[in-house]
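Let's start with one chain on its own, the form predicted on its own, as structure tokens.
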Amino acid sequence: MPPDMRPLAHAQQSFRRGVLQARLQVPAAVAGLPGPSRERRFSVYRNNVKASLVAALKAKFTVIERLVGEEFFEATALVFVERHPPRSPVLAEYGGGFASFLEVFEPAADLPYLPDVARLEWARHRAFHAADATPVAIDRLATLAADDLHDTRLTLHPATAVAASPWPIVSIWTTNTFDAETRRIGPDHAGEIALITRPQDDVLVNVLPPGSDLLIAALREGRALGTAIGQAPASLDLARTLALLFRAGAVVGLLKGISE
């Protein structure tokens, strides 16, 4: 950084800390301004900044808010804002660390499924803003010879994401999103793997068969279909998994006959 820019950078960092810290401390850059009400004006600005960040988190994690209640969510979000301030001026990019924060946030320890539900909601947010692509139909697989199919790579839609959890996160998300009266999701419910896609305008959430997350992870790494199948559990329902991937618009291309 050029020496003549250092004072400006220092002032910006001081201002940023003053805006987001837990206790009000007027930055030197503000304290030096004339006017007896500068602390009050700065406090109003500071509160507005925090409120806008909390509102941004609310918009992205609507199910988390419903699960814990508005008051608890706002208090939690404020702690997150103070500990993890934005690193980008683009508000749509803020909140990616919220799920990891919930994992270590002691007041939420009695709700161990919250972080994975938050990951699902963040994946939906990312999918909504992902690049567009045109899905291909599963009929394309039928045009390939058996040998070619083994060496074919499936290109996934940029919006495609997978969230695997020991908790029934799709069921929790679904009932808290669409049901006027939420269904009770008890401890007898098995864990779920969420497939998040956006084939057109709407973001879709589906439940994947057990073990399919490993198959999709291999496909995302660019592995050929035959290799990806070998990295998944032998118990994987392959036909069901592939049918769901294509039906949900997760596949946008086939690269045929490419060996490992």
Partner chain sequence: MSNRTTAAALAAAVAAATLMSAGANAQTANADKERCYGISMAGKNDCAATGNNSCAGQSKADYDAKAWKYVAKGSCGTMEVTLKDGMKRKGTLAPM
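Everything numeric here is computed off the predicted structure, so don't read it as measured data. Residue numbers count along the first chain shown, from 1.
In what follows, reference is made to the form predicted in complex with its partner chain, a form of this protein that is not presented.
Taking Leu149, Pro199 and Ala243 together, does each of them reach its partner chain in the predicted complex with some heavy atom inside 4.5 Å? Looking in the predicted complex, the three residues Leu149, Pro199 and Ala243 all sit within 4.5 Å of its partner chain (heavy atoms).
Does Val104 reach its partner chain in the predicted complex, with heavy atoms at most 4.5 Å apart? Close contact is absent here: in the predicted complex, Val104 is far from its partner chain, nothing within 4.5 Å, heavy atoms only.
Arg223 versus its partner chain, in the predicted complex: is there a non-hydrogen atom within 4.5 Å? No, Arg223 sits far enough from its partner chain in the predicted complex that none of its heavy atoms falls within 4.5 Å.
Taking its partner chain as it sits in the predicted complex, is Ala137 in contact with it (heavy atom to heavy atom, 4.5 Å or less)? Looking in the predicted complex, residue contacts with its partner chain include Ala137, since a heavy atom lies within 4.5 Å.
Are any of the heavy atoms in Phe72 no more than 4.5 Å from a heavy atom of its partner chain in the predicted complex? No, Phe72 stays farther than 4.5 Å from its partner chain in the predicted complex.
Within 4.5 Å of its partner chain in the predicted complex, counting heavy atoms only, one of 123 to 131, 159 to 167, 105 to 113, 184 to 192 shows up; tell me which. Contact criterion met by 123 to 131 only.
Check each of Ile216, Ile229, Leu67, Leu53 and return the one that places a heavy atom within 4.5 angstroms of its partner chain in the predicted complex. When its partner chain is considered in the predicted complex, the option within 4.5 Å is Ile229.
Heavy atom contacts to its partner chain in the predicted complex at 4.5 Å, residues of 81 to 98 in sequence order: Residue within 4.5 Å: Ala92, and no other.
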